[in-house]
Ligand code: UDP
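Okay, here we've got a single chain as structure tokens, the form predicted alone, with questions on binding and movement later.
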């Protein structure tokens, strides 16, 4: 019998898919989400309790620990707009770094020693070697990446100080949605490539803007590692099992090991939808590396995990269903602005 699990940010994109998987495995889940970017409708399992509040509200978090006796925390709650982090760094250091410290203080008080952390490949910055392994240097180039790396350091220090065991899961480009298109990717504003290319086809935006066609890649556009959100959810479940069974702390990449260019995504989208993608090509954006691709071998070694959906079409098809769902892919009762 699993002890209850607190999932922060569980009404968000990756969080909601993970919550759905964990609930399907018979685990008792309590979601804490302030709903700034999350959606209550994304919590589709009636057995999951949603508490609206802040991770840094220690009185609230203490009350939840006292009531449920959590055996683990899965922490998704974070701001994740890289550009905004550059213009408003204090917002990111407050929310992404300072608030988790308050959560960890309550965990220490209650003797909860299992923490699964939603980290990011942005902690590597511009890679010093490809594909990116966990041995790559971590030199993030923006406050978002630094705010996440700081938490990785804090978790390691807590491990030495009071026995916290943590899993830092460094995502590459999360993509896709649930196979039944019941829950999906709904950010506002939406900055991710796959939803934007589909929104351009559906008419939700006028056109897709591609930044840079002169990169040193086969077709001149950036190459990224797109990892299906359902595979990410599976990795979190495995990390929970690993730590709950007494496994050591770990840090590992979550990617497919397969690079896909922007133009390849556009071509695959046109194939799947049967419609042309309205697109304009502009200059490069500052700070965009030509290629970011993971070496996911360590996750296989430590967690027995590997991506099961490596064809970009497997991410595009359900996402296209989601975009064409109720309210054009928006959760019922919500409107895009």
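Positions refer to the first chain, counted from 1. Nothing here was measured: the structure is a model prediction, and the numbers come from that model.
Keep in mind that the form predicted in complex with this ligand is missing from the display, and what follows is about it.
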Legend entry - Proximity to this ligand in the predicted bound form, single hit among 208, 114, 103, 232 (heavy atom within 4.5 Å): 208
Inset, instruction - Work out which of 173, 264, 244, 108 lies within 4.5 Å of this ligand in the predicted bound form, going by heavy atoms. - result: 173
Inset, instruction - May I ask you to state whether residue 168 is within 4.5 Å of this ligand in the predicted bound form, using heavy atom distances? - result: no
Inset, instruction - Spell out, yes or no, whether the shortest heavy atom distance between residue 59 and this ligand in the predicted bound form is within 4.5 Å. - result: no
Legend entry - Non-hydrogen atom contact residue 288 with this ligand in the predicted bound form at 4.5 angstroms: yes
Legend entry - Distance check, residue 196 to this ligand in the predicted bound form, heavy atom within 4.5 Å: yes
Inset, instruction - Would you mind picking out the stretch of 146 to 154, 133 to 141, 186 to 194, 88 to 96 that comes within 4.5 angstroms of this ligand in the predicted bound form, counting non-hydrogen atoms? - result: 186 to 194
Legend entry - Residues of stretch 212 to 247 in contact with this ligand in the predicted bound form (4.5 Å, non-hydrogen atom): 222, 224, 226
